[in-house]
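Just one chain follows, in the form predicted alone, and it is written as structure tokens.
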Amino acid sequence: MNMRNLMLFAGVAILFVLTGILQSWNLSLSILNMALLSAIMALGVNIQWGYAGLFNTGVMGFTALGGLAVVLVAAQPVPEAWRAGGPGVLLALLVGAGVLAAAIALHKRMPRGRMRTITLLVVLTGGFFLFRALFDPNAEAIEAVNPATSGYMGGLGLPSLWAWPVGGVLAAAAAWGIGKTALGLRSDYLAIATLGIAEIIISVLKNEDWLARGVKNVISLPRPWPVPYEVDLQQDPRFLQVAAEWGFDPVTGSSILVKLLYGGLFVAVLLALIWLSERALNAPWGRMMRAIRDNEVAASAMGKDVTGRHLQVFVIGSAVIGIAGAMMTSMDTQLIPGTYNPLRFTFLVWVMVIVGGSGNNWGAVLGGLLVGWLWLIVESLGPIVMSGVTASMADGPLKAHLVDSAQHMRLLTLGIVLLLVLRFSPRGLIPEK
């Protein structure tokens, strides 16, 4: 990186340091960890858009699948639920997958005509009723097992770190299915399709209680190694001794130490992904992807499989987003489907890529850190600023309206930043070479 880019990263680092000095280091580290996860998501979107020009607005869905992986892998199993309907649900899912596979095979092998249409209708309709007959009673039996505390099958009880690659695999598998059907669409239709599919994923998470408790949420998920719990640190004699020697409060110190450990894990993953992305982008594969992005007709004329390469990069970018989603759920130690919304987990990530510079991995990371800091700091500074602005005003409807509008300052601030960047640096802060 050149000196200008280093200065940009140094400026973002100063923002986090000033947040720690002027407000609190707990707040600064919390924002930093969320910004690091946002930078990983922005890196995944940059792989799809910056490398290949794929307009994916389903980031929210892939993030949620990463969070689901933590439940499936790290949550403790519920033996009663497994005995009540676990095998039946698994059998129903296998039957459903088999019906879809049979329909695809028939569609490929049978000649086009009325007979193929009738056969597919019979197979799909019969398969649907068979699936529901197997699935519904077993799912209801699972959800009836201690619904206030469990009501789902649980997970495998494995270490939480294992869920991070599994989150990438789940997101990649979903991206493959979406890509096989939607990548042939024009860019604007692809955006609509991916956004709709993401909403379907969230709807499934909210309504299928047997899978992850739906809107009742899964809490108390295990933390990844080596991150301890604050309570355990506060009872550790060695930690208390260090706290006494250095003169800091054990409660505050334990919270800061936990956030530092999370930050170390996230930085390690982010650096590994950047290294792999840079290697791919500067390799012949990366040059081929940019050639396809800039002129699909010319690339196809040179013998490149445009659709196949689009599917490949779509899967890779979605896997990166899924890993970030799993890391976020591991940090929160809970899965709350209601928190996944397009503004935070799709369009904000796109703003990060645009501000940082699409097509440049370091630009996407810079945008993730900068916009991530801005999005969260305004939440705490907004009420303070608005209280200062309205301090001299008399009590009344106008003052009450302005104070209540403080929560919307983050949208106003984000819009101003985006407009300024597009005006003075339309290719982003660190544009593509």
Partner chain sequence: MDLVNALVVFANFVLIPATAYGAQLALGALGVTLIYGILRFSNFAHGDTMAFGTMVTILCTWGLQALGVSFGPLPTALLALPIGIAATAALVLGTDRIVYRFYRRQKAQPTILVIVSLGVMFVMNGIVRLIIGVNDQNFSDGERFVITAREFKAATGLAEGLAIKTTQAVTVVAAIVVVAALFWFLQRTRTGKSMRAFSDNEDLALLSGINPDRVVQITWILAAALAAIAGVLYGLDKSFKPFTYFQLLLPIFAAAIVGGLGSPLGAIAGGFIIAFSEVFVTYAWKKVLGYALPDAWAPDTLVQLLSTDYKFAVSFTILIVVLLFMPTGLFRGKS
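Definition used throughout: the rigid core is the maximal C-alpha set that superposes within 1.5 Å between two forms. It should be emphasised that the depicted structure is a prediction, and the values quoted were computed from it without experimental measurement. Numbering follows the first chain given and starts at 1.
Not pictured, yet referred to below: the form predicted together with its partner chain.
The closest heavy atom approach of L343 to its partner chain in the model of the complex falls within 4.5 Å.
Proximity of L412 to its partner chain in the model of the complex: non-hydrogen atoms within 4.5 Å are present. In the model of the complex, at least one heavy atom of L419 sits within 4.5 Å of its partner chain.
Using a 4.5 angstroms limit between non-hydrogen atoms, I200 touches its partner chain in the model of the complex.
Listed stretches are 206 to 214, 229 to 237, 83 to 91, 312 to 320; the contact stretch with its partner chain in the model of the complex is 206 to 214, by a heavy atom cutoff of 4.5 Å. Checking L276, V251, L185, A283 for any heavy atom within 4.5 Å of its partner chain in the model of the complex turns up a single hit: L185.
Listed residues I192, V267, V242, L260 were compared with its partner chain in the model of the complex; I192 is the one with a heavy atom within 4.5 Å. Taking its partner chain as positioned in the model of the complex, the residues of 115 to 135 that bring a heavy atom within 4.5 Å of it are, in sequence order, F128, F129, R132. Relative to the superposed core, A13 undergoes a C-alpha shift smaller than 2 Å between this form and the one not shown. The rigid-core alignment places the CA of S425 2 Å or more apart between this form and the one not shown.
When two forms of a protein are overlaid on their rigid core, residues whose CA moves 2 Å or more are considered shifted, and I416 is one of them between this form and the one not shown.
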